[in-house]
Structures are given as C-alpha cells and as structure tokens.
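First, one chain by itself in structure tokens, the form predicted alone.
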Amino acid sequence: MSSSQPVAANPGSRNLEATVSVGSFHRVRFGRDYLSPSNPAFPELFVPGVDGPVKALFVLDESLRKAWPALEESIHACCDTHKDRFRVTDILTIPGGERCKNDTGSLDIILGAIEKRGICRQSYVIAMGGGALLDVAGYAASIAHRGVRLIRFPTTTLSQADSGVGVKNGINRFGKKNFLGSFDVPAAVLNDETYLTTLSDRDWRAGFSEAVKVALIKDQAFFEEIENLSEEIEGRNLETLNPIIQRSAELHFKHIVEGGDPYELTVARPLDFGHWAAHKIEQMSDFSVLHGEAVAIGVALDTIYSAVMGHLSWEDADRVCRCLSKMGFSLSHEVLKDRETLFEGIEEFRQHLGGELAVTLLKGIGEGFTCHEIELAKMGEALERLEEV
C-alpha cells in the first residue's frame, strides 16, 4: 500500500487528507494439468516465507472430487515435488452449487480450518470448483485475518468464463443473492481445461450464456463467432469451444482491470446484463435453475425489452434468442408467471448498489448502454414475447 503525503486543509487544521492507492496484481492463466508435478506454473505462484515453504489449505468442490477420485493424490504429488515452496496443511471437501452459499455452514467449516491449521496472511487458500464454491472460499479467505492469499482454480465453464476471473466473493443472506461479500483480487486464477471434461451437460452448457452476455455488450464479432458455433455446444469439442471460454474470460478480465471501477463503486454494472432477472429466477426456483440457465433467460428478456423500447432491432433480438436456444437453453420457466415477485428483482438490483437504478440494455449487438428506468408494463410485454420464443 502506498499513499501521497498527507496534506492539512490549512496550516492550523488538524484534518489530514490524502489519496490512498492499493496496488493489486491480477493474473489469469490458461492451460491444462496444472497439478502435474512436472508443470511449474502452479508451484511458482507460491512465495516462500522467511521460514521456508508456505502453508496451503485446499478447498475442493464435492462434485469435482467425486469426478476426479485421484485429485487428492495429485495435490500431494505436486506438493512433494515442490515442497521447497509450499506444504499442504489440509484438504477440505465442501458441497458445491448455490446451496453452499445459502447458509454459513460451509463458510464456518473453511474459517475453522484456517484457524485450526494456522493459515496466516503469508499462507494460501486454494479453491477448486465451480463459482459458488469459489465465492464461499474466497469470502472466507478475505475475512480471515483481514485477508489471506487466495488462488482460484475454476473447474466449470461458468467459473472459467466469468465468475472465477472476477474479484468478488460472497454468500446469500436474507433471501438475497450475495448480500454478504467482499471485493478481493486473488493471487492468481488458473483456468485448467482438464476439469471441464467431466462436467454434466447442464454444467457444461451453463458457462456459455455468460459468453453470450459479455459478447452482446462488448464485442459484435465475438457474438457472431458464438452464433456460428451455437449448435456445436452439445458436441463438447474442447478444441473448438475452449477459445470461446477463454475469450469470455478475457473480456471480463479487461473490464475489471481497464473499466475504472473494479469494486463497483458507481451505479454502472454492465457485466450484470440480464442479471436482475437471473438472480430473482434462481431464488424463485429455490435454486433448481442453475445460474447460467437463469442468465440465459435474463439476457433473452432484457434483449427483448431493448427491442420493445425501440433501442434494438427485432432482427437482432431474434438472433440472440435463436443463438441461446440452439445452445440448448430453455428460455421459459414457470416462475416467470409470477410477475409481481419477478419484478421485485429490479428493486433488489437497485438496492444492491444504492442510488438510482442502473440496468444494462442493448442498442446493438456488441453495444450495451445503461438505462435508469424500467417500465413494468413494457417489461410485461417483453415477458409475453419471450413466452413465444
């Protein structure tokens, strides 16, 4: 941390004012087999302390551990080869998915392990799993000792394309998504394509809705690339589709490091295009709808609303809905019939930041803009049109 010299308001004043800047280095790497003892990329992230190798607490998503029975063995083999850099203090297994964020149980388990194993600010928490698991483990790391170093190891298309690349952590409280949370730049993010091969079809598909989202607000050519490959999602060809995940991660990363507001202190939240509805749909469905599935519906809804309001052509709106449908996303759900509850999501979205409402809409493919008012009657019309897709 560095700061300019404090300057008193006037010679006789006791008030001090200064700009304080916190230098953070954000890095995302793409590759495979990071836990292989012969791959130095992961061990090199650890900075040995004055007492030698640093402590590392691993937190694994339960579904990941089941899909990869030898994962713990791989972790220990990597550590044994690079024991001069780090040593494993514990390997926890936490149930993943949104439900791990709905109470403090998983959070308390991780915090308990941090305390019991003597994890300090020079130590590392390594979180491996989907976005929800990364959220909980990241939150625990950010509040223990006011901040323990975190390495994110996203293992789903959704977390590799979006959430794992971000700087946000959190859990759900009071029926609201991410009510408790923190902003904290991880020490590193490792996108290892190896772990994408064992995802369920639903989890595999889920991340591509976030790729569509970021393409729609930032990159027309990228959307056209996704559009051309939309029917290939089901085939799960990593060589063809991993570049889509990586480009999505890159666009999210660039917005965070170049957008001028990584901690969302202003009212503009372009990366949350379609998310006011998505978050509410998850909650209304008791989280039976995956986040990526809810995002697909939310993106389609706000795209159609953009057309209803005259900002976007109907031709482009139809293209977006067709693309999502060809990927295998359902753009309808029974909870959408409860408009009154759904529309509560708009106010909850505003309250999350405070101030005036800020919802991203489209005036062209690849061109998002911030809207400060939603006409509920027109949004109702958009819902009716969505039902016809």
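Residue indices: 1-based, along the sequence shown. Computed from a predicted structure; not experimentally measured.
One more form of this protein should be noted, the form predicted in complex with another copy of the chain, which is absent from this view; the next part is about it.
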Another copy of the chain in the predicted bound form has a heavy atom of only one listed residue within 4.5 Å, and of Asn102, Gln246, Thr198, Ser74 that residue is Gln246
Would Gly235 sit within 4.5 Å of another copy of the chain in the predicted bound form, counting heavy atoms only?
-> no
Just to confirm, Gly181 within 4.5 Å of another copy of the chain in the predicted bound form by heavy atoms? yes
| query | Taking heavy atoms and a 4.5 Å cut-off, does Phe287 contact another copy of the chain in the predicted bound form? | reply | no
| Taking heavy atoms only, is Arg202 within 4.5 angstroms of another copy of the chain in the predicted bound form? | no
### Query
Looking in the predicted bound form, is another copy of the chain within 4.5 Å of a heavy atom from each of Ser230, Leu336 and Thr341?
no
Within 4.5 Å of another copy of the chain in the predicted bound form by heavy atoms, the stretch out of 219-227, 114-122, 309-317, 290-298 is 114-122
In sequence order, the residues of 18-42 that place a heavy atom within 4.5 Å of another copy of the chain in the predicted bound form are Ala18, Thr19, Val20, Ser21, Val22, Gly23, Ser24, Phe25, His26, Arg27, Val28, Arg29, Phe30, Gly31, Arg32, Tyr34, Ser38, Asn39, Pro40, Ala41
